[in-house]
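The chain that follows stands alone, in the form predicted alone, written as structure tokens.
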Amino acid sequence: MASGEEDGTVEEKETNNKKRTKGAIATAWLTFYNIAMTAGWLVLAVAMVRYYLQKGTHKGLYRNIARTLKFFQTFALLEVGHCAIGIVRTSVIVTGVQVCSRIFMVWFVTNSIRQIQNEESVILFVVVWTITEITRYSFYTFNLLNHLPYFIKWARYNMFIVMYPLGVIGELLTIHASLPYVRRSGMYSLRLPNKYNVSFDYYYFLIIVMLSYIPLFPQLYFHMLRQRRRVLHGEIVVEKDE
């Protein structure tokens, strides 16, 4: 019996050591990732401020920062993987929707339709994203390092109240501005007849995307408000099973 108990204890220790090693590796990677993303969005912020101070206009700003924006926003796809493998305890669906909607805005709207790149709405959502991401990734970094300044915690769970709606407004106005160009060019559309016998109209797809904000925005916004109450005020928030 003693030998069996000792074997069991050894196995438990080995299992615990493996878990601790995996946990340490995951923490190290997440710390590196969040530091890199904080730095990336800070570089973007500095580039925007410098451009505006030099040129005195927002026109041409998007083209100036497009490469950096596309890189770091696309790099955020890793966050979906973090959720999928369990090193971050967040819904894969929620994270996927948020990340993919931004990548869609960058690659398939703003980057693809150059005529809208000087729209004020583009600068609006880019500025909002930049402020939000610097705050968010700073929060994650300091939290992982177990040294979270209160003002970053406060900013993380308060700034979104204004920033989130402003970002959505910027995105919707940008998509709306793109509609005439998409309709005239027929970009990304597939007309009948064709060998696939399938039709797709990107113009109407964009309208559907705009309409999808109606059910999705309130869900994500109120989810953040519940998180805010829990973190800042210590309220126990019971969410209904979906």
Partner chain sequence: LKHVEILDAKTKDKLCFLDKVGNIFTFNPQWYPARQSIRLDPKGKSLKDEDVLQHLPVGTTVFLTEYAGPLLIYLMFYFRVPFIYAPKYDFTTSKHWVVHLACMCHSFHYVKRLLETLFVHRFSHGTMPLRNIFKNCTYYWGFAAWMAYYINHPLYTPPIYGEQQIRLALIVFLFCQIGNFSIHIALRNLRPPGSKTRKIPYPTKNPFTWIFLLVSCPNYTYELGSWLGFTLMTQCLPVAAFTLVGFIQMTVWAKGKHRSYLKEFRDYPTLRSPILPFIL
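Note that the structure is a prediction, hence the values are computed from the model and not measured. Positions refer to the first chain, counted from 1.
Not on display, but discussed next: the form predicted together with its partner chain.
Here the chain stands by itself, but in the predicted bound form one stretch of 48 to 56, 178 to 186, 66 to 74, 196 to 204, 196 to 204, has heavy atoms within 4.5 Å of its partner chain. Interface membership of residue 214, defined by any non-hydrogen atom within 4.5 Å of its partner chain in the predicted bound form, is ruled out. The closest non-hydrogen atom of residue 192 lies within 4.5 Å of its partner chain in the predicted bound form.
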